[in-house]
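The chain below stands alone, shown as structure tokens; this is the form predicted alone.
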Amino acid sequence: MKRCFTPLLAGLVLAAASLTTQAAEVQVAVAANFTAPMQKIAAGFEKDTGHKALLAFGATGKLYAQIKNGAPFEVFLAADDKTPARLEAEGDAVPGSRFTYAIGALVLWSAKPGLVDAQGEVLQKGKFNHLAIANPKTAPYGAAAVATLTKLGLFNVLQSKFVTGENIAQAHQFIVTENAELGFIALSQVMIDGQLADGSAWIVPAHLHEPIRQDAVILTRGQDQPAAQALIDYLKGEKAKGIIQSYGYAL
């Protein structure tokens, strides 16, 4: 039995085959603070381009170590600008592909309403047992927390109260589970559609720490991967920017 294809049907078949051929997967290393927005962005990216972003989350320093040890990542979204620049200088990232996709904000947050005041004076009073932070050696938001406490003259006073998470996601978990009454985390972790989550918070003034510029870069493994460049382009688009801003980031 012969099958007859009309020109229109043949065109649709060729288009579908072309889309299937072009669609690809891209391995992406993502800083833990950017988990929620990146999950949304990845869903839109797949819907709009056909490419699929396979996401792995962690502390920026640990992801850097994994990349240096041969992890198959093709794109890296860090929580700082220094680590992607370092990878570029070391020959592990595509020159010229690096850009700042978001500027983060640090927040002192508690799941308990009324515990954290709008000026952060709760830190001066010290009437709490545990303060969660991310590891400052591997997590830029942890480093920003240490810088903030140092500038306030409170680092030595409060250091004994620290509950240190491997990354910013674990620091957030410590607060949610009440292993720490309050802690320094990324504003994005408690901000959805421009609204703060329940609890109490002090958004740390930017002058108390270095700007948290978060850079993305194509790694050498993604140099000839069309999906890697497509993801970088998508991050620069209006849809992704809207999601990023809705989680409290500046652009």
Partner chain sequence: MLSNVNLAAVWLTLKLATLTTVILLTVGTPIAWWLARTRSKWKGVIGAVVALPLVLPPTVLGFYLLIALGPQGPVGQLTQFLGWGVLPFTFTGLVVASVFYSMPFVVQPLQQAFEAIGARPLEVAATLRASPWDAFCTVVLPLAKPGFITASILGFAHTVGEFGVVLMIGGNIPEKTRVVSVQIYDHVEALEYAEAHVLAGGMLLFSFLVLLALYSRQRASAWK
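Residue numbers count along the first chain shown, from 1. As the structure is a prediction and not an experimental result, all values here were calculated from the model.
There is also a form predicted in complex with its partner chain; it is not shown, and the following applies to it.
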### Task
Verify the contact flag for F174: yes if a non-hydrogen atom of it lies within 4.5 Å of a non-hydrogen atom of its partner chain in the model of the complex, no if not.
yes
### Message
With a cut-off of 4.5 Å between heavy atoms, is Q195 one of the residues that contacts its partner chain in the model of the complex?
### Response
no
### Task
Tell me, yes or no, whether T100 is in contact with its partner chain in the model of the complex, where a contact means a heavy atom of each within 4.5 Å.
no
### Query
Given that the partner is absent here, does Q170 sit within 4.5 Å of its partner chain in the model of the complex, heavy atoms only?
yes
### Task
Identify, from the list A56, L208, I203, A65, the residue with a heavy atom within 4.5 Å of its partner chain in the model of the complex.
A65
### Task
Sort through 114 to 122, 127 to 135, 74 to 82, 143 to 151 and report the only stretch with a non-hydrogen atom within 4.5 Å of its partner chain in the model of the complex.
127 to 135
### Query
Has each of F34, G222 and I244 got a heavy atom lying within 4.5 angstroms of its partner chain in the model of the complex?
no
### Task
May I ask you to list the residues of 81 to 120 that have any heavy atom within 4.5 angstroms of its partner chain in the model of the complex, in sequence order?
R86
